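Here we start with a single chain on its own, the form predicted on its own, put down as structure tokens.
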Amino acid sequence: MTTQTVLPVEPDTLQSISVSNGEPAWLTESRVNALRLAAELDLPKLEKTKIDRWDLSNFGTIRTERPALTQQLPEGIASFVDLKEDSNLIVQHNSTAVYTTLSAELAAKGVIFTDLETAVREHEDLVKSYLHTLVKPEENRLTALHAALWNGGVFLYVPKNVEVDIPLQSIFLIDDATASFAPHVLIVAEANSRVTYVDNYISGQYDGKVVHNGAAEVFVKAGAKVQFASVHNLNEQTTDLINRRSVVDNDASIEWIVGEMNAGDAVSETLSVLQGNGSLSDAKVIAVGSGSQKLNYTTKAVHFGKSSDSQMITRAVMREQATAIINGITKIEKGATKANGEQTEKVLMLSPKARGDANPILLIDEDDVKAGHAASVGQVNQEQIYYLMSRGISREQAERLIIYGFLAPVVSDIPLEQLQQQLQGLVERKLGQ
């Protein structure tokens, strides 16, 4: 049986909501056009995943007014942040910004870090130039719905030659199943700038299904360096759909560090377009699946620039009846001479009913390049367990050490100690330890 995605609002209603929220005319038009597109487009075609059978009907109720900032952290958020005088933090509760702070030093340097709805009003020309140019509404029904219905989100702008040493953090919390949940993250790092951005998606417990339909667009200009870390920890009632994309110019770099710790079904794509010569992408993804989760994760790099380089590492641990499709795609276009693309996908299964499918894909249209891949799917190595047990370690502890060693290449690279500890705790919880 196929479940159809039902449009959650009529175009006239969406237009009225946009106008009443004070959005500029171009954004109102963009939303309405995207909604009309959604009615015509199909769902995305995913490798070995029948997403048309998923329940994608609950996109929540769109907020019809913009509440004022409370500057109060919601209950349960304090453990995720370490507030200091120079903290840079945005917290959104059910897609409403409730707390935002940017250090005076960074503000004086021209750094912009605010919720996206504020940025549309206060930095309209900047936002208009970039919004929906990487995750385009015409791609499929879900990207069109996102362009129509996005709310909340973050806008981060780093001026030319500005280096930000302290990570900027955002937290997206949902604990109301009736609320629309579709944040959009937009980052622009100008030439020779440097920044680390960390976000965290968390949910409380609620009755009813929720669809998170999010997107992140990252623009890395010549010589700039962006580190983007993201942990998704949404409950079993939440279906998580996310597109993360970047375009990287000459001698610039993007580093993705992603922890997929959801309890519900999830689809994600993490894509780097290496547009410039000497551009670099380094993507590290870990995922832990449990229960009857259905997961589909794609990491992709497309090379246009000469001497561009992409590295991709994905580690997934599946237990109980969880299933995962792990796709790694390296595409080297004609003219991208001296490009180098390397990828590794590994899936570790902890129970006989767990399933993992690692799919390394190389698409090469140029001769003078280097490309390689490695993929493996298997159970915990019993010889390693016996070796550790022979040194006086219990079987349970031996299995735990092997799993942590398996995930370590990503966990150890999380750029915020507090987030690294949180991710370690999430791994332990999902593994039932």
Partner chain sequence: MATHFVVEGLKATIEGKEILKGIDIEIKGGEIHAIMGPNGTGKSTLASALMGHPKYEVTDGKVSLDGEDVLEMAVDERARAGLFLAMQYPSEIAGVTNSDFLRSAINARRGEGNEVSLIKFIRQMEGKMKELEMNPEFAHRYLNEGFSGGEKKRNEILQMLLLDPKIVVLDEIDSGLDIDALRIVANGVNAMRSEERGFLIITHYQRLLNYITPDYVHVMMQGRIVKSGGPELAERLERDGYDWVKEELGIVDETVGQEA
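If you superpose the two forms and keep the largest set of C-alpha atoms that fall within 1.5 Å, you have the rigid core. The structure presented is a predicted model; accordingly, all values stated were derived computationally and were not measured. Residue numbers count along the first chain shown, from 1.
There is another form of this protein, the form predicted in complex with the partner chain, and it is not shown here; the text below is about that form.
This chain is drawn without the partner chain; in the predicted complex, the residue among Gly372, Gly378, Pro67, Gly405 with a heavy atom within 4.5 Å of it is Gly405.
Among residues of the shown chain, Asp42 is not one whose heavy atoms approach the partner chain to within 4.5 Å in the predicted complex.
Using a 4.5 angstroms threshold between heavy atoms, Leu401 counts as touching the partner chain in the predicted complex. Within 4.5 Å of some heavy atom of the partner chain in the predicted complex lies at least one heavy atom of Ser390. Within this chain, Lys48 is remote from the site of the partner chain in the predicted complex, having no heavy atom within 4.5 Å. Residues of just one listed stretch (51-59, 392-400, 360-368, 23-31) have heavy atoms within 4.5 Å of the partner chain in the predicted complex: 392-400. Heavy atoms closer than or equal to 4.5 Å to the partner chain in the predicted complex belong, across 356-386, to the residues Glu383, Gln384, Tyr386, ordered by sequence position.
Relative to the superposed core, Ser20 undergoes a Cα shift smaller than 2 Å between the shown form and the other one.
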